[in-house]
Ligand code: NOJ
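What follows is one chain in structure tokens, specifically the form predicted on its own.
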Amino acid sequence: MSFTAPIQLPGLALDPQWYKRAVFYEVMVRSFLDSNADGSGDLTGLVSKLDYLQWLGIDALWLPPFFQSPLRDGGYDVSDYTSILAEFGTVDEFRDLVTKAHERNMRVIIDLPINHTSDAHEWFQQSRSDPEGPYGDFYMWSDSDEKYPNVRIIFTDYEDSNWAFDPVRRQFYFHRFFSHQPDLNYENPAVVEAIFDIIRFWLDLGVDGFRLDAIPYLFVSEEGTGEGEPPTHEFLKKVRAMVDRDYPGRVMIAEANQWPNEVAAFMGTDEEPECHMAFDFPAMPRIFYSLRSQQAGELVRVLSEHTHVPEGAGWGVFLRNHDELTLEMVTEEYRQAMYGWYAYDPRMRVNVGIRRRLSPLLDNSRAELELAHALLFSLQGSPFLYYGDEIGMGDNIWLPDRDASRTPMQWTPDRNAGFSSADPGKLYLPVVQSLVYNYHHVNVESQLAQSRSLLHWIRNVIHVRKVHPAFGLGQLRVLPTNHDSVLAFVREYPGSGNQFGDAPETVLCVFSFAHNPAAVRIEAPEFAGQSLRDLFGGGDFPSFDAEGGIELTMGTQGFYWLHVGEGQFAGGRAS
């Protein structure tokens, strides 16, 4: 296999930990913009909107799978890892996307589902038809469906076993997800070699990293649970060593829906690093729980846990993405409460989660949307936005599976929301036409024309975040308060001392989940007598008293970002 010369981004050598400062944006190629009127978004359409994303303040794009696929699972069922689905574009057009993104100082991260393939993949077709051939052992085959009894079923709404019978080979094959997605056999060195070739192929095309889909499930043992088993970590160490050696500055992001101490294992250690980043799944449902319960306790508990991660690693934080809002990380009582608040209609649920977009989840409440985003952008870790959430896009629960929240991006009030000039019946999914979220009034064009729109508000928060290194690089420390509805923490950054010249900085972040105004006292003896200033407007706030306490009045579901102390200060509204 031949490779093209790597495309290097000038800033990589200067900022090898760029991902800690970055704001990521998940954009589904199929959903963003259709440039050729075939009813499906494509790479050329995405390129045409890079200026919009740069204006918004996005540092890195995350692209879910765009590979050759039957599209039975939104592209996560890959049938050829080095070909692009024709309706999305070509490899040359992808190379153009990477080049144009880099020209705007934006990185490109792609999804890599390497736990499984589609059953339409040539590897599987060869494996089922020729058991003794070179691909016969590329998948996990068995004469019975009783192996790996401790491995849980993930897609409980669709599958009742992790095994499926193949009528061609007359054996069962193992699958952690849909039965049309057989798991690869990582015990076979040829599989590992093939995956390394695929990783190099895309890195040579210039991608800045990968989101490693379903990464805990690569290796399975008879005694284990098939989640994060030791050989999986050994594999990741080998991938990381290759990336660091041959492609410095590129990143690996782990998607592991587990508790923080388990997820942290996928980042490895300082001596033996694995992934550069991992998603923080437990914090996300607790944000939604706090918004309805008016109790900050669960968030305080989760954010107070100290999970050690390697020096060069960081978290990815998010509110929503292309998957369901998973409730696997909560108790049954907690889960039922979330269903009652956010998924009262059974059509809103899927597997162990909720298949809704952010704005419908929050009942289109501007106060809750602002509070949730302010929390997202101030948590420890890099924020990941989901396309359309910046304008408060709605969903369509009448569509199957997780397509409810994968509808076309709403650009204008014109036909097909400006997404495509095709006949409306030709679109891959219909645009949202519900009463509240109809594309005629929820679209980018109309919000660009309103200075106080959600779009402008989110852009402003992103740009304020960018000038305060404490958010991207600082530690998070929860502070005690006397109000059950209020969460307070500080982001503390000692300064870099490197070529960026970042000065030490401390930011106090306060969030009220109360549905009425609240008065709160925050205790921080170490800040006794320190002054406070608002990061958005620069206005002075009352200083901490001599005991290190501060009393604040919070508006209904309000928040503050406050600079602590004199020192260097930058803030204000983005123009």
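These numbers were taken from a predicted model, which means no experiment stands behind them. All residue numbers are counted from 1 along the displayed sequence.
If you look for the form predicted together with this ligand, you will not find it shown, but the lines that follow are about it.
Looking at 360 to 368, 88 to 96, 454 to 462, 210 to 218, the stretch with residues near this ligand in the predicted complex, meaning non-hydrogen atoms within 4.5 angstroms, turns out to be 210 to 218. Taking Asp183, Glu227, Asp395, Asp73 one by one, only a single residue has any non-hydrogen atom within 4.5 Å of this ligand in the predicted complex, and it is Asp73.
The single contact residue among His322, His102, His483, His233, judged by any heavy atom lying within 4.5 Å of this ligand in the predicted complex, is His322. Proximity of His116, Phe177 and Glu255 to this ligand in the predicted complex is complete: all three residues have a non-hydrogen atom within 4.5 angstroms. In the predicted complex, at least one heavy atom of Arg402 sits within 4.5 Å of a heavy atom of this ligand. Contact check for Arg406: a heavy atom falls within 4.5 Å of this ligand in the predicted complex. Using a 4.5 Å cutoff between non-hydrogen atoms, Phe155 counts as a contact of this ligand in the predicted complex.
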